[in-house]
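For reference, the chain that follows is the form predicted alone, supplied as structure tokens.
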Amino acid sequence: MSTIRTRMGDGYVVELTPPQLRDDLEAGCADAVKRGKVPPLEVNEIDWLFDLFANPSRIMGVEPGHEVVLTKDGSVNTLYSAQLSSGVGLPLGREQCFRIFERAFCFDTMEIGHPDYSYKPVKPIVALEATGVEQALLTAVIPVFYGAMPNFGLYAQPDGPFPNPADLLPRGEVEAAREAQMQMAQACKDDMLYVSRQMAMVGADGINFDTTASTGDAEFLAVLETVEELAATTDLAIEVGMAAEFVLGFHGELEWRGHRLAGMWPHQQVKVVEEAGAHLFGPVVNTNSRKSVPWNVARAVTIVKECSRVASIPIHANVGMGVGGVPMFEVPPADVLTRASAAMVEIGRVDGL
């Protein structure tokens, strides 16, 4: 073959020569090793990735018997919401969408979530949300999760009651910014606990904390403390999906049970999530839109492979728009999406996607 058709991290189609493809795979792996302080892929694993991307077939998959469990964040919203929210705008209710994912798309689990998809706006309407979960439970066989984001930004002014750390820090008011984050963390924790307990009362099978630590270590702390309480007081299956590959130190001095949260990579994040009592962990590796998909996939699976190795709970890697080696594009192209997914299973050793 003279060239290999693939894509860039923004979805743009490019062609690479075989030497360029191997160079990108090795460079992506090397970047993961340097930044994440994780072991490199073995030579045979690089060879496997090379064959994966060199294969001219449009859609790729795993070997028979290597299939993994599917979970989903955002869930049924992708069917009934508008394209502005990555949906397709079908005239369907949430319970109908849930059944489609179960009976037509053959998902192993599914999640009910509000279109706003954050715990704070769900709290005032939690009775209505719980009704949706209850209806899904009555008609579904697969496990029913409820999910939303901690979304720390909603607790800071002008949307929330607390001073905005992003305004305080540029003015040098570091201690005030840290204090505001702690107040936000407590309010966020209260909301997540309230909503989660209501879902447990109606019989939800699980709860998902999606896009965790999007604003850094204080948000991560709020989720860990919430998980710890829920694990001790409910029978919910608890899933924690991260927002980025490492935890930003927006506060910078926070610890949980002696573990400093700022700067944690997936193989470190999973250990504190386990200790808190969660049952599923969703690691994230961000896509670099200026690099090729082979570069991004090699980097992502190198980081996730170490996370899977050290984990004692199932790992459901985030493989979607802008993460897990998938292009930052509204509708991820199936040719590279399926390759990233197969690589996560065969090389990243994940238990689910």
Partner chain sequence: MGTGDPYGMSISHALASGMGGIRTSGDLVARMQMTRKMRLPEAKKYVADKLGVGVQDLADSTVMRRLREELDIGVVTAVPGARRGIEAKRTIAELLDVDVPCLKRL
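Positions refer to the first chain, counted from 1. If you're wondering where the values come from, they're calculated on a predicted model, not measured in any experiment.
The form predicted in complex with the partner chain is left out here; the points below concern that form.
Student: Using heavy atoms only and a 4.5 Å cut-off, decide whether all three of 66, 319 and 326 touch the partner chain in the predicted complex.
Tutor: Heavy-atom distance to the partner chain in the predicted complex: all three under 4.5 Å.
Student: According to a 4.5 angstroms non-hydrogen atom cut-off, is residue 334 in contact with the partner chain in the predicted complex?
Tutor: Yes, residue 334 sits close enough to the partner chain in the predicted complex that at least one of its heavy atoms falls within 4.5 Å.
Student: Does any heavy atom of residue 127 come within 4.5 Å of a heavy atom of the partner chain in the predicted complex?
Tutor: Close contact is absent here: in the predicted complex, residue 127 is far from the partner chain, nothing within 4.5 Å, heavy atoms only.
Student: Consider residue 62 of the chain shown here, and say whether it contacts the partner chain in the predicted complex, taking contact as heavy atoms within 4.5 Å.
Tutor: Yes, residue 62 lies within 4.5 Å of the partner chain in the predicted complex.
Student: Taking any heavy atom pair closer than or equal to 4.5 Å as contact, tell me whether residue 312 reaches the partner chain in the predicted complex.
Tutor: Within the cut-off, so yes.
Student: Just one of 176 to 184, 247 to 255, 162 to 170, 142 to 150 has heavy atoms within 4.5 Å of the partner chain in the predicted complex; which?
Tutor: Among the listed stretches, the partner-contacting one is 142 to 150.
Student: If we check the partner chain in the predicted complex, which of the residues in 328 to 353 reach within 4.5 angstroms of it by a non-hydrogen atom?
Tutor: Going through 328 to 353 in order - heavy atoms within 4.5 Å of the partner chain in the predicted complex - the hits are 330, 331, 332, 334, 337, 338, 341, 342, 345, 349, 350, 351, 353.
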